[in-house]
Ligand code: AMP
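This document opens with one chain alone, in structure tokens, the form predicted on its own.
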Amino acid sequence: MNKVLLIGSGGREHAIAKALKEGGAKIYAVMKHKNPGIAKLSEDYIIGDHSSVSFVKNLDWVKFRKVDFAFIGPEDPLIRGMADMLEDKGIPVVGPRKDAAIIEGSKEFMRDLMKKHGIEGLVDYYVFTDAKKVEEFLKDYDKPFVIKPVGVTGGKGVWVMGDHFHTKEEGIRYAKRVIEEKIGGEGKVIIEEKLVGEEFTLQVFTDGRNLKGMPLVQDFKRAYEGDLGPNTGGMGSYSMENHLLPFMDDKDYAKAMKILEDIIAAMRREGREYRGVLYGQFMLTAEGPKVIEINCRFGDPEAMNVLSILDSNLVDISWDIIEGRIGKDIKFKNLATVVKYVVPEGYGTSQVMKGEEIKVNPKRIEEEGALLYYASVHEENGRIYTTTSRSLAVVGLGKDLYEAEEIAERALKHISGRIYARHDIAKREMIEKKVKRMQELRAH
């Protein structure tokens, strides 16, 4: 039986832990806070700064040193070099080394790599370190634009014209703030053309040469129903029983896969071999898929969609990644999935309700046919309390999207407290609107 060191404590890591356990693994976890779902699946766990390389390096390895491999969930430890440190200790890792995790660590690196290697799906982009120069540039820029910190902001630092700001002046102010306050950890900002279309996520397993794609997922970043409010880490997501999306076909999927294949090949040519999970966030435009961002791990919530229907063994897949031999097909069940996150009241704002008790009835959620994944909660004396981030998620599985959505909705009824969820995710009206919008875009 394989012993696996799992690093991370969110809903994504609970989904990874469940899939590893089903694959026959014994799990030893390092978590920032006690995730009750991961704790229950683990042989042992330690609570501490799971992003700190020095913390993990100095762990009591008497308990942990006999692990067969490590699976790193979040981006922070990967970007900081956790995989390098563990591999130097003789522990193989599912997750890229620091020199490859830069694909998420620096949006500038990712865009420059695509430009240098002539990879499809690149958007117009401009990088600035000088607040005055960005102001001069934007005054003369006549297209709608997007402002992104170069570094990592957990999906919360991107501002889109028409959504997060409405005038050029507001955009200039935010772009200057990114530079001056070093939002994302660097005094750098990227200005990109605004893309029009539908966003989608394609995640792949890769051994550095070969890629195996997963079902497509669409997630919802905005905090409130109707896609309003602040950006979040993701309020929910859905996938279809045919592993495509209602507004996409096989050709769109193949084009997105080709872009990710070209990125992995370019990384290898640069001497930055990438092994692990790669997550491509795309916009499907009238011209085809364009890259919004590339991430060095599973998405959250998207991991819950795909791992809930994984029909292959995640432990075997992990060894194939580590040993550079991904070849055989990786299978997923032909079921639709809908993830709905439960968050504390005020999530996405400075008035978030932290430390409030959440009542959960796991048995009733299971009876509804849904899965329950714990995320950023604090467990004490068997009680669950909110933190400032997303609390827990339910996943509805169904033969089609609307059955899966109904199951997720029924599951939400068995959770109470000062909490909020987006009920509109994957509703028929929303999906039909997206399909119509994409048809109109492609007709022009």
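Values in this document were obtained by computation on a predicted structure and should not be read as measured data. Don't overthink the numbering: it's just position in the shown sequence, from 1.
Another form, the form predicted together with the named molecule, is not on view; read the next lines as being about it.
Checking E261, E108, D99, E192 for any heavy atom within 4.5 Å of the named molecule in the model of the complex turns up a single hit: E192.
Contact with the named molecule in the model of the complex, judged by any heavy atom within 4.5 Å, is made by just one of E199, E356, E225, D84: E199. Exactly one of the stretches 145-153, 347-355, 181-189, 114-122 approaches the named molecule in the model of the complex with heavy atoms within 4.5 Å, and it is 145-153. Residue contact check for E241: none of its heavy atoms lie within 4.5 Å of the named molecule in the model of the complex.
Remark: Q281 counts among the residues lining the named molecule in the model of the complex, judged by a heavy atom distance of 4.5 Å or less. A residue is said to contact a partner when one of its heavy atoms sits within 4.5 Å of a partner heavy atom; K221 meets this definition for the named molecule in the model of the complex. Using a 4.5 Å cutoff between non-hydrogen atoms, E293 counts as a contact of the named molecule in the model of the complex. Contact annotation for 26-50: no residue has a non-hydrogen atom within 4.5 angstroms of the named molecule in the model of the complex.
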